[in-house]
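Next up is one chain by itself, shown in structure tokens, the form predicted alone.
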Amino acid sequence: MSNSVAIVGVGYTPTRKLTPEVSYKEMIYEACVRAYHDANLASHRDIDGFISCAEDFLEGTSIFDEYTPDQLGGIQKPMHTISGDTLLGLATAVMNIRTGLQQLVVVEAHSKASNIKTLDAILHYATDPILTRPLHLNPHFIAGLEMQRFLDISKNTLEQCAEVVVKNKRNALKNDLSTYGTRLTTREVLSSEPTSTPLTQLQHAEPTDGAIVFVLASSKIAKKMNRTPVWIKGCGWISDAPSLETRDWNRCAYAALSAQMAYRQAGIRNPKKQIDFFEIDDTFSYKELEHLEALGIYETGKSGKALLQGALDPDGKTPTNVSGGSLGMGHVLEATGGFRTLEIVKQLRAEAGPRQLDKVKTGLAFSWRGLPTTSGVTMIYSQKGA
């Protein structure tokens, strides 16, 4: 029996800064209807299992998977919550299918960030309660320290980090789902309000609302459901040291190790040559450069130069965040990796409209759980199946 797994359906809502007219349940339902239609799913009763990607602290509700079966058609079906990004939910669905336990699995993720009044306080609560939290610092100080260390080691520059913002917000202008697409200059990015040195406000991805639903199927039924399934060739995930005092500040281990796992599964030896484009975490400007180097796309210190040479542009050698990334689309909390995957699905199906890339067959999505974690997931997608 083949272990191949494919995405056969995807549905989503636009990402928007404010959505006072709908609840998160209505957003999930809208995405769900679109996903089931995309998968040519005759009945939700054919689905074997459901996965919801949500964090109870963000939702304000414990045991959150009790609040999602209704809008997914998952009543009295196996369902559980992954407290992590969509990519971790997709990896879990892959494992469920590869074991033969299930044939058809639905993964849901969403953000109602506009309902959260104290997002920074929630991030602060995630820091170490003995050594870090008593300092009463805004948790973004961690990103500032990490950025400074990355720049010191890699010799990439502040100007190159600012150029990531310029590129991604420009790319987002061609994405009808984006919230923060605009044209900026490097100077405007660097002169925006300081947050945690050397970060400035425009180098942060702003939170936004949205929902996304994926339908995954085994190779046995994938091609019967969708003529253009997108195959998951590899998935890897890792959580490095949780505390600031025990992690290695000299390398981005969570990205490097998760990528190595995914590359082994997909048979990737040279990701720069074997993967056509990349949708990766850019929660902060420097993260795109740091992750490109940790994923092995560029050597240490080379990603910033590649950016300035146009290699990361849509018509470059390694197109990165053609969608606009989180800096252009907005950070959709646990759904962020889902929207990175959405772009890859659209590109591989040749459905990306004005931003469609030429002759792309393989794409990589990478997600980082966000501050203060060191957790990451790498997924490799392809037009080619088993």
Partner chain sequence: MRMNLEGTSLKREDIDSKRVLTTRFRSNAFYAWDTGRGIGRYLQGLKAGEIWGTHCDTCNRTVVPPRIFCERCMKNQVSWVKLQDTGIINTFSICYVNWDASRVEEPHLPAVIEIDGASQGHGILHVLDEVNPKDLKIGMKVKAVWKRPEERNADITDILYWKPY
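Everything quoted here is computed from the prediction, not taken from an experiment. Positions refer to the first chain, counted from 1.
The same protein also has a form predicted together with its partner chain, omitted here; what follows describes it.
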Discussion item. Quick check for you: of 355-363, 325-333, 37-45, 338-346, which stretch puts a non-hydrogen atom within 4.5 Å of its partner chain in the predicted bound form?
Written reply: 37-45
Worksheet item: Taking its partner chain in the predicted bound form as the reference, which of Gly181, Gly296, Gly73, Gly144 has a non-hydrogen atom within 4.5 Å?
Response: Gly73
Fill in: Position in contact with its partner chain when the complex is considered in the predicted bound form, options Ile116, Leu257, Met225, Ile268, heavy atoms within 4.5 Å
Ile116
Worksheet item: Is Lys77 one of the residues lying within 4.5 Å of its partner chain in the predicted bound form, judged by heavy atom distances?
Response: no
Worksheet item: Should Pro134 be counted as a contact of its partner chain in the predicted bound form, where contact means heavy atoms within 4.5 Å?
Response: yes
Fill in: Leu371 within 4.5 Å of its partner chain in the predicted bound form, heavy atoms
no
Practice prompt. May I ask you to check whether Cys32 falls inside a 4.5 Å heavy atom distance of its partner chain in the predicted bound form?
Written response: yes
Worksheet item: Has each of Pro20, Ser23 and Pro129 got a heavy atom lying within 4.5 angstroms of its partner chain in the predicted bound form?
Response: yes
